[in-house]
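Just the one chain here, the form predicted on its own, laid out as structure tokens.
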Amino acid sequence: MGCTVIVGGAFGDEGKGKIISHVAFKNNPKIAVRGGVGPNAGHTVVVGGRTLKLRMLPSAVVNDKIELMIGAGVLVDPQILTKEIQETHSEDRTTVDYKSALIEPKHIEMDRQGYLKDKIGTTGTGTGPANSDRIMRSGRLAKDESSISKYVGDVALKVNHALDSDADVLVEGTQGTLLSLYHGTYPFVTSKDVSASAICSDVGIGPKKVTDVIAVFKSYFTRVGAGPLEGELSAEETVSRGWQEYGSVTGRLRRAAPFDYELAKRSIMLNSANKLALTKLDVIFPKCQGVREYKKLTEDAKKFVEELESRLGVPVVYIGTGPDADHIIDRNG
């Protein structure tokens, strides 16, 4: 496995949590470390009928043998972090980089009014204003916050030491590439870059140490908030197709559209993705729900996957066929 980076290929909400939890159980890496923005991204993991909605901890928390880490580039809300650690009983295996910046009440208040709320449609979690303070070098860091002091450490050092010792590391991205501050649909984007390169920078991993980059796509495109969405369906059509979803952080109905091959190609290019994961195939093809072997997919579902591989030029190694962590087809050998 080496160092595997998993990123969202579209506008977020691609089902990264499901793929990450599967890889966490299958490969049992020593460390799972989260990059990305902060608690504005929610990852949902369903294991054994239990649903976890995570906003700070890596989705690999479902495997209690894995060390959990949060990179220096991630914004930390101490209250959300502490709550998740307590709920998942992960006190003894969580490390937050001492250079992670903090989200404070003032940031949340700023994020819930004016331009960010009314025009951009942000999540209101304080990430944009907190990143702004960090750029101005006025933000407080994790090492300055006593309520999380027992979790603070040098994540970059620990991760690189593990890789140098030939241990496996799973790196988790947040949001999706098309929400990148630099490469997304500006100004309707998040407050920093979230491509694979940036996620590695968040953690402190150099590019030569990355083994695989897996870009995760849903079988159709969705996004929350304002911004362009080619081929967008009406709310009524979204519901009639059974594609309705609600944001795990905002609770808002996600806007939906058919799979966009051109945007997917660009995302693969930006991430140097050499593998793909495809989720919610069962939503498009309901007869495939719960299928765990590729040969047992319906012919129309196989055709969809094969066309996607042909047009994008990258193999689909994981296929999600249902909500649970084990509702997956694993073609990764």
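None of the values given here were measured: they were computed from a predicted structure. Residue indices: 1-based, along the sequence shown.
One more form of this protein should be noted, the form predicted together with ligand IMP, which is absent from this view; the next part is about it.
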The stretch from 94-102, 204-212, 146-154, 174-182 that lies within 4.5 Å of ligand IMP in the predicted complex, judged by heavy atoms, is 174-182
So, Gly12, Ala41 and Gly225: all three within 4.5 Å of ligand IMP in the predicted complex by heavy atoms, or not? yes
Work out which of Arg252, Arg241, Lys83, Arg112 lies within 4.5 Å of ligand IMP in the predicted complex, going by heavy atoms. Arg252
Name the residue from Leu229, Val189, Ala72, Leu163 that puts a heavy atom within 4.5 Å of ligand IMP in the predicted complex. Val189
Does at least one non-hydrogen atom of Thr122 fall within 4.5 angstroms of ligand IMP in the predicted complex? yes
At the 4.5 Å heavy atom threshold, is Ser195 in contact with ligand IMP in the predicted complex? no
